[in-house]
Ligand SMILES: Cc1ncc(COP(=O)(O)O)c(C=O)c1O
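The form predicted alone is given below as one chain in structure tokens.
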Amino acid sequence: MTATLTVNKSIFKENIKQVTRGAAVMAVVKNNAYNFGLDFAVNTFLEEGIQTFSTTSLHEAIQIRRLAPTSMIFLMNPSVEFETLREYDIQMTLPSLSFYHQYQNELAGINVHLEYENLLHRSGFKTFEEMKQVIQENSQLPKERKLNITGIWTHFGYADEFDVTEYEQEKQAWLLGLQEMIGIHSFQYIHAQNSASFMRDDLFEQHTHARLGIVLYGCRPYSSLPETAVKQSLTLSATVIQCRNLKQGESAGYSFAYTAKTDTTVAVVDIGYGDGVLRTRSQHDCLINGKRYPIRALMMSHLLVEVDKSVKSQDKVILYGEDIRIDEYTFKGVGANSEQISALNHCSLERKMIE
């Protein structure tokens, strides 16, 4: 018996079609494609006509290049491994004026996307004037010393928030600045919208791509989006090893993890935090034979679930699935969609891909 992570490829592909709605998409495949597996995700996106990818690590960008020899690959974090970038034809963010000045000579021939910081304050140029300075200085260099400014981008840190004004602020700041930038330079790639922004606003005018992450993997980026808008292809399942009867006042698990308030039956399930189940997730329920039951204790390799007499040894236990969605628990405060998915341990879970 082994806890299992299953991905239904057909549903994964249906979801891609449904959420992209024919728009040009840059698929975010960082962190092993949100733990779905880089090979699986890139190959499936290619099958669905997506030819543009982004990640945050250079080693993943190299893996993508091997899978997608003719695709555009964008590295969202800066790298100083300039020869590797050239060798594998990887385009990279240009994060600041100081980075440009520090590595101006080494950047010759590198394809870069100018990054605007906006309200996220994570990385990027603080002003569009600084970007203009790079364009001007670069234009004055001899051809063999120039970098190639192929793109411009930003990230909206508040697109999934509806009760504050920051999303409108960062959106307007970006769109106004972009108008100035496209007036002085021709960009092949213009991308700003994450999953939440794209699902709210569709693809902005003058933008070449929506840069989508979590929604491609089957999770809603905000709670008011109907469940029908996004299809979840991932199932996390385990097995009831045995059922134990506890009398009122008896405890089970390490250090009195669960103490029965009445005579109770608990199912011992073969999955735990060692498999990547978050402690906050274990404060909620799971699905057994189509019925929800409360999880009462979490251990490294086991869960204790309070059940009734209908649950038997070898019954399947679903922690995530079509009827018990990841994003349901996101909106209950368990953690971000990506946090719940990326925690899952591929070293201990059996991994299955089904059509």
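Numbers for residues come from their place in the sequence shown, where the first is 1. Treat the numbers as computed from the prediction; the structure is a model and nothing was measured.
What follows is about the form predicted in complex with this ligand, which we do not show.
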Quiz item: in the predicted bound form, does residue 153 have a heavy atom within 4.5 Å of this ligand?
Solution: yes
Quiz prompt | Interface membership of residue 30, this ligand in the predicted bound form, 4.5 Å heavy atom rule | solution = yes
Self-check item: 4.5 Å heavy atom contact, residue 214 and this ligand in the predicted bound form
Solution: yes
Exercise. Consider residue 278 of the chain shown here, and say whether it contacts this ligand in the predicted bound form, taking contact as heavy atoms within 4.5 Å.
Key: no
Quiz item: Pick from 145, 122, 126, 86: which residue has any heavy atom within 4.5 angstroms of this ligand in the predicted bound form?
Solution: 122
Quiz item: Since exactly one of 71, 265, 194, 91 fits, which has a heavy atom within 4.5 Å of this ligand in the predicted bound form?
Solution: 194
Quiz item: Out of 323-331, 22-30, 285-293, 45-53, where are the residues with a heavy atom within 4.5 Å of this ligand in the predicted bound form?
Solution: 22-30
Quiz item: Does anything in 72-108 come within 4.5 Å of this ligand in the predicted bound form by heavy atoms, and if so which residues, in order?
Solution: 76
